[in-house]
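We begin with a single chain expressed as structure tokens, specifically the form predicted alone.
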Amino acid sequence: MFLELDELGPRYLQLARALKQAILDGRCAATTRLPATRVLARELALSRNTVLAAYEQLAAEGFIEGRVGSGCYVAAFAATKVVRATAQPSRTPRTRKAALARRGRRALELFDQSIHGRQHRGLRYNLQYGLPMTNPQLASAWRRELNHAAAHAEMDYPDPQGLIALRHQVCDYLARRRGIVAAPEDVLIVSGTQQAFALAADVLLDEGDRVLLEDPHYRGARQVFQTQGAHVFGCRVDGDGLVTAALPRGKATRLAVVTPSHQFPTGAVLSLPRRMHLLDWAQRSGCWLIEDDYDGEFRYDARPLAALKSLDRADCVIYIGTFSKVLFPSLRLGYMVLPPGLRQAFVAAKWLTDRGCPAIEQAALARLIASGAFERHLRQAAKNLKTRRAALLTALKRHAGDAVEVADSSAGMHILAWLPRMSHAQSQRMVERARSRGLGLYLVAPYCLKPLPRPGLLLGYADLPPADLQAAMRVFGECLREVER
């Protein structure tokens, strides 16, 4: 009998899989007697115990049956419509053609392998936005709180709305730092910003509903709403953020996503008159506003601005905050501050999605905030980010000169560098050339709904120390000049 083991896992399971495939392929017909364990062990150079374990596994699954004094036989079910193999069996499993639902097809079409596949690995200098800044002191504090939380954790399912201790800490923090007055019952703990957008889509959107995004914008939000079947359209931004004079009139807009504290990715800050205009528009049009405050904590020229939510008197703003950007992305914890009329629906949707975020991590985070270590980390992170931003801007001016125009708002963890002398094709060639030299550069075009008149780069600087940022800009300048020539 020809049997080929796949070298995956324990030997007895490899043998069991090989025998099972032989039965399903018809090479071992129903009621056929299998070789004695000693014989098969000798033929395959395996121990007899390995063969015995494989036979026991197949018997437990119903593929073979033992007869006292006679041996093991293929079960009779194998006689029903077995297709015999006509060629050497392949190691590659046959894949059934998937008939996906409409939402599944959309998700697959919108899935961006270049981002989710971690294509940046192996680069010496990677300027991808969203990578974390390493803080050894934070890592030590987090391990301590995590160990304490694990030792004192309740073993029951967590509250789907989030641990009450963490929701209290979020409320205290938002009141001090963002000017938002909220109660714990207003807060929903979520698995990061992406889940917050997904819950909003599930709760608020039907097929064909209109969703307004700033243009450019965070494309993870766009992908969520398009997968839901919403009609997504853009509203332009300028140096003062979203151009509220261009907000739509007449047609009903169900939902709008804004980043008023630090527009993503241009860095603009929404002016107070435009904030008031936006809130008035949302109230009059019946539109829900999602305020994505993804890194509003980090401002280097002044104190962080109060959130748009702090000005909301009509309960039309859904506020989203995240710990992924300010701590580390693998934490996957964020929060929403919800208007009273939406609380129960969002909690229900969260429960149906995952029954709640991990309780141990929530408890550890609540203790980290209560201890003061979280805000100490924020102060240190802001200081380090300011130094890195200055190093990046200095090196960019030195090595690129007037070939770039920087849109900088003295905030956040990235800058936007426009390339006024380049075509889009040239910018793509420059990105490819830089990658071949170990430098990861990322164009801003994928974050836009409408084509840009000129190309630009989104330069994240949180993950690299000043010396590496200077070296990265030297490589960037070389690639820039080569492509221009």
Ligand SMILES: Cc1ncc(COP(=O)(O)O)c(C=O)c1O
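Everything numeric in this text was worked out from a predicted model, so none of it was measured. Start at 1 with the first residue shown and count on from there.
Although not depicted, the form predicted together with the named molecule is the subject of the following passage.
*Asks:* Which one, 194, 126, 310, 384, lies within 4.5 Å of the named molecule in the predicted complex by heavy atoms?
*Replies:* Checking each option against the named molecule in the predicted complex, the one that comes within 4.5 Å is 194.
*Asks:* Among 228, 322, 253, 362, which has any heavy atom within 4.5 Å of the named molecule in the predicted complex?
*Replies:* For this set of options, the contacting one is 322.
*Asks:* Please tell me whether any heavy atom belonging to residue 264 falls inside 4.5 Å of a heavy atom of the named molecule, as the geometry stands in the predicted complex.
*Replies:* Result yes; residue 264 sits at the interface with the named molecule in the predicted complex.
*Asks:* Check residue 292 for me: does it contact the named molecule in the predicted complex (non-hydrogen atoms, 4.5 angstroms)?
*Replies:* Within the cut-off, so yes.
*Asks:* Would residue 218 sit within 4.5 Å of the named molecule in the predicted complex, counting heavy atoms only?
*Replies:* Yes.
*Asks:* Taking the named molecule as it sits in the predicted complex, is residue 274 near enough to touch it, meaning that at least one heavy atom pair lies within 4.5 angstroms?
*Replies:* No - in the predicted complex, heavy atoms of residue 274 and the named molecule never come within 4.5 Å of each other.
*Asks:* If we take heavy atoms and a 4.5 Å cut-off, which stretch out of 323-331, 341-349, 145-153, 205-213 is in contact with the named molecule in the predicted complex?
*Replies:* Answer to the contact question: 323-331.
*Asks:* With the partner left out here, which residues of 459-485 have a non-hydrogen atom within 4.5 Å of the named molecule in the predicted complex?
*Replies:* Nothing in this stretch is in contact.
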